[in-house]
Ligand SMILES: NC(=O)c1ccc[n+]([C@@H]2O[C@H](COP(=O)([O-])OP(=O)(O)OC[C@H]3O[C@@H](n4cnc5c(N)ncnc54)[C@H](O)[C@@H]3O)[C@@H](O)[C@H]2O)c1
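Consider the single chain below, provided in structure tokens and representing the form predicted alone.
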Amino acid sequence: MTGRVQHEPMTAVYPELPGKAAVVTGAARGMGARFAAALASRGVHVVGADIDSDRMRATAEEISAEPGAVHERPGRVVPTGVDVCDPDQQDAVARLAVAEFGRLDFWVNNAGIFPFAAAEEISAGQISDTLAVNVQGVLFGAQAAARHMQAGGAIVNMSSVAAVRVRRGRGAYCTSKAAVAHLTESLAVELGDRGIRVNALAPGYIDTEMTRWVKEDPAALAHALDVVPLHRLGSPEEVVGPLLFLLSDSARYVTGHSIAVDGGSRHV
């Protein structure tokens, strides 16, 4: 293990959340682990799904063992393996949530990959894998969620500031996240008739394992701080708040949007 799951210090409590059930993909580490911990601490039962099933089990145990629950009865975290590129496996995750908790209210499409290559060097495999995980994986997750959700359900996809603000060496990633933003709007239109809301989060430079390379490269860190008006990296906890809002009844009339959590970097 590279570090214990840390619960965010925010104390906001949404009284409608306890007892509900969620799926979080890519929940073994990084933002996904933070999302699962934040939901469980508020009484939401969570199926944490990740292609690294061993790491997912360890993360679920960490979340269960850590103090810091906001709600008096924290939710359970049930770990499972999933390849988000396989629609049948995604549907199996949805069925697991219903079998374990009797319901499925929320789905967080968090799993993703971040290839780095100059435009003329992006390989066929890199673009294919990136679109498969980052775009098809989101679609398959939303499809699985929609089959098992009732009206009032909410889906949150992970887009990125890269959807609207390109950077060198990230052509495949930027393309995939732009597709997620548009897919989110399409899903919101089509699932709205069923009372299911679909939104996206678009983080910027957030201090997670995926962006560790930024902190390890002085030039990259200096550039990141320069293009963020707040001149700092965001913390995972600062993405948790918008996620909870989008899943809560406070956002019951919000659908089809991508909420930027980027310190203003999309404007630079």
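No experiment lies behind these values; they were computed from the predicted model shown. Throughout, we count residues from 1 along the sequence that is shown.
Missing here is the form predicted together with the ligand; even so, the following discussion is about that form.
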> Would the ligand in the model of the complex be within 4.5 angstroms of a non-hydrogen atom of every residue among Arg29, Tyr205 and Glu209?
Replying inline: yes
>> Whether Thr184 contacts the ligand in the model of the complex should be assessed with a 4.5 Å heavy atom distance threshold; does it?
In response: no
>> Check Asp217 for me: does it contact the ligand in the model of the complex (non-hydrogen atoms, 4.5 angstroms)?
In response: no
> So, in the model of the complex, is Arg197 in contact with the ligand at a 4.5 angstroms heavy atom limit?
Replying inline: no
> Does any heavy atom of Gly112 come within 4.5 Å of a heavy atom of the ligand in the model of the complex?
Replying inline: yes
> If contact means any heavy atom within 4.5 Å, which of 91-99, 170-178, 143-151, 120-128 contacts the ligand in the model of the complex?
Replying inline: 170-178
> Pick from Val77, Ile155, Leu104, Val133: which has a non-hydrogen atom within 4.5 Å of the ligand in the model of the complex?
Replying inline: Val133
> Of Val227, Leu221, Ala58, Ile51, which one comes within 4.5 Å of the ligand in the model of the complex, counting heavy atoms only?
Replying inline: Ile51
> If you look in the model of the complex, which residues in 134-165 sit within 4.5 Å of the ligand (heavy atoms)?
Replying inline: Met158, Ser159, Ser160
